[in-house]
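Given next, in C-alpha cells, is a single chain: the form predicted alone.
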C-alpha cells in the first residue's frame, strides 16, 4: 500500500484511493489495521465494490453451449438468461461466471475489435467485480465500512493531483461537468495496470515501444503479441527472442491477470522454449 518513505499519517486524516478493485481493499484493510479513523474516499468509474465469493461448483458447460463470435448484446442476453435459469433452480450466478472461465480467452478472441471495445467501455467494470471476488469475511468488512461512512464510494473520474498544503485531489462525478476539489493527506493509487500501454509507467515498456521493438495492441491495453506470446515489433514482425506474459498480453488473451492463468501461460512458453532447443 505504501512504502518506508511514507511520512507519518494522522489517524484522522482524509485519504483518497483511485480504483475500487482488490488492491483498494488491501489498502483499506492496511489502514484499518493501523487504526486509521479518517474518511477514505474511493473513486472509480462506476463506484462498485467487488462481490463476495462463495465456494460453489462451477456450472458444467460444453464449448458448443457458448455463443462464440456473437455480438455483445446477443452474448449478454444469453448470459443473463442462463443466469436466471440457474438462480430459478436454486443456484448462484457465481457458478456461471466460474463455469465460463475455461472459455474466457476463446470468447475474447472470437469477438471483433468493435465488440471488444464495446466490452471495455461499457461492461468491463461490472465483469471485474463479478469475476474477481472477495472472501466473504473481507466483503462483510468492506460493506460495514461503507455503511458506517468510513469508506465513501464515488462514481467519477480522477482528474489530477496538485500539491497544496496537505494535497488537492480533483474528481469529476460521473455524468456531470462538475469539478470537485478534495483536500487529502495521502493518495494510494489502486487503479491497476494502465489502460493505455503507451502511457505505461514502466521504463522498459516505454523504451521497447519508442525504439520500435514492440508496439501496442490495437486496443492499447497491452503489447501486441502473436499466439505464442512473441512480442510484435513496429513493422508487424514477431520477435524470435522477446516474449511477454501476464497483463501485457491482455490485448490478445484478456483473461490473463490472475496467477492460475499466468501459470498456465508460462508453462506453455517453457515447453515452447524447450522444444526449440
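Numbering follows the first chain given and starts at 1. What you see is a predicted model, and the numbers here were worked out from it, not measured in a lab.
What follows is about the form predicted in complex with a small molecule, which we do not show.
Segments offered: 78 to 86, 121 to 129, 102 to 110, 196 to 204. Contacting the small molecule in the model of the complex at heavy atom distances within 4.5 Å is 196 to 204.
Interface membership of residue 259, defined by any non-hydrogen atom within 4.5 Å of the small molecule in the model of the complex, is confirmed.
Although the partner is absent here, residue 26 sits close enough that one of its heavy atoms falls within 4.5 Å of the small molecule in the model of the complex.
Heavy atoms of residue 216 never reach within 4.5 Å of the small molecule in the model of the complex, leaving it off the interface. The small molecule is not shown here, but in the model of the complex it comes within 4.5 Å of a heavy atom of residue 22. Here is the short version: of 48, 210, 245, 234, the single residue with a heavy atom within 4.5 Å of the small molecule in the model of the complex is 245.
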